[in-house]
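A lone chain, given as structure tokens: the form predicted on its own.
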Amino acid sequence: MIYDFNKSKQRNIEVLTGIRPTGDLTIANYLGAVAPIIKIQSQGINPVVFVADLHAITDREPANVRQYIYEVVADYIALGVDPQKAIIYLQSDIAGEVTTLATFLARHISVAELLRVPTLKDKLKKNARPETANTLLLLYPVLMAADILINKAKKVPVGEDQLAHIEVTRLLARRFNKKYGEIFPIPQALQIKSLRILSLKGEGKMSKTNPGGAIFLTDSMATVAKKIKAAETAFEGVINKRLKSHILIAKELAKNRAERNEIDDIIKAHKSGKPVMGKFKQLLIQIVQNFLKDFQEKRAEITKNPSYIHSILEKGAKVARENANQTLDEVKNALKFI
């Protein structure tokens, strides 16, 4: 099914997902966040994807966030998200509507309840304190709830670390509905299989903040080869977390069964004590390079026309505003705020 962007009535949103424009994507970002959206599309479900630029300024400067908006949309399309089937819009294009709904929703949750959200507690432990953390961090779950509920989305793909935010959304929807009538559907978490992609250097997860241990979608073929050759693996006969992560990358990016079978054969030989890690790395280099070559060629084609991404976001903004305004009208009527 192709979306008719000229419809004027509110759409039924089956699946909604957000992406943060916070820098160049890595292979881990693709496997953990983009591949599940493509899988959803392959099942005949057309998602709504919003670029979460308001969320991104929780811990980044607005100017830095702005420069990555068009970049991340181009990345998602080049990776396989079909803009003819998915609605893609910019969160800030409906900033007024989202923040208005967030204001109405925030009345239905206490500060104490927000402070118990596990993701906030983790952030406060790692790199912030209540005395220094900005208020956007506290309100993040409420703003996320507004994103979901303003679209009346039925399902939201999330990793394990975001499940608590969906529970906040469900809680707010239930409390609002109980007091003012059945306005919001109670969204379901569409839990994404957690993929533990580790840094090539074996130091925690593959992350943009540790570029030496990450494979970026923008990396050159030479850079990919250099990073993988230097990657930590395992001694003969040993399967550790690092090697499991490398195997996962290889299998997820392999283009056909023959490559996956070759991976299995090499790992079988490794388990039996044979020195085959050099061979495995060469195969991993080939698989990753083939994936990146395909991606980079598609992305170059997409970005030839500077107005292309703008037109996609413009169409998406039209749909998003119509949905948001209709939902807000219902909410304000229920609140007798009109």
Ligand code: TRP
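Model, not experiment: these values are computed from the prediction. So that there is no doubt, residue numbering starts at 1 and follows the sequence shown.
The same protein also has a form predicted together with the named molecule, omitted here; what follows describes it.
Partner proximity in the predicted bound form, defined as non-hydrogen atoms within 4.5 angstroms of the named molecule, places exactly one of 224-232, 181-189, 138-146, 253-261 at the interface: 138-146. At the 4.5 Å threshold, heavy atoms of Val15 stay clear of the named molecule in the predicted bound form, well away from it. Interface residue remark: Asn210 is not counted as part of the site for the named molecule in the predicted bound form, having no heavy atom within 4.5 Å. The shortest heavy atom separation between Val158 and the named molecule in the predicted bound form is within 4.5 Å.
In the predicted bound form, the named molecule sits within 4.5 Å of a heavy atom of Ala52.
Interface residue among Asn177, Thr218, Thr99, Gln162, judged by heavy atoms within 4.5 Å of the named molecule in the predicted bound form: Gln162.
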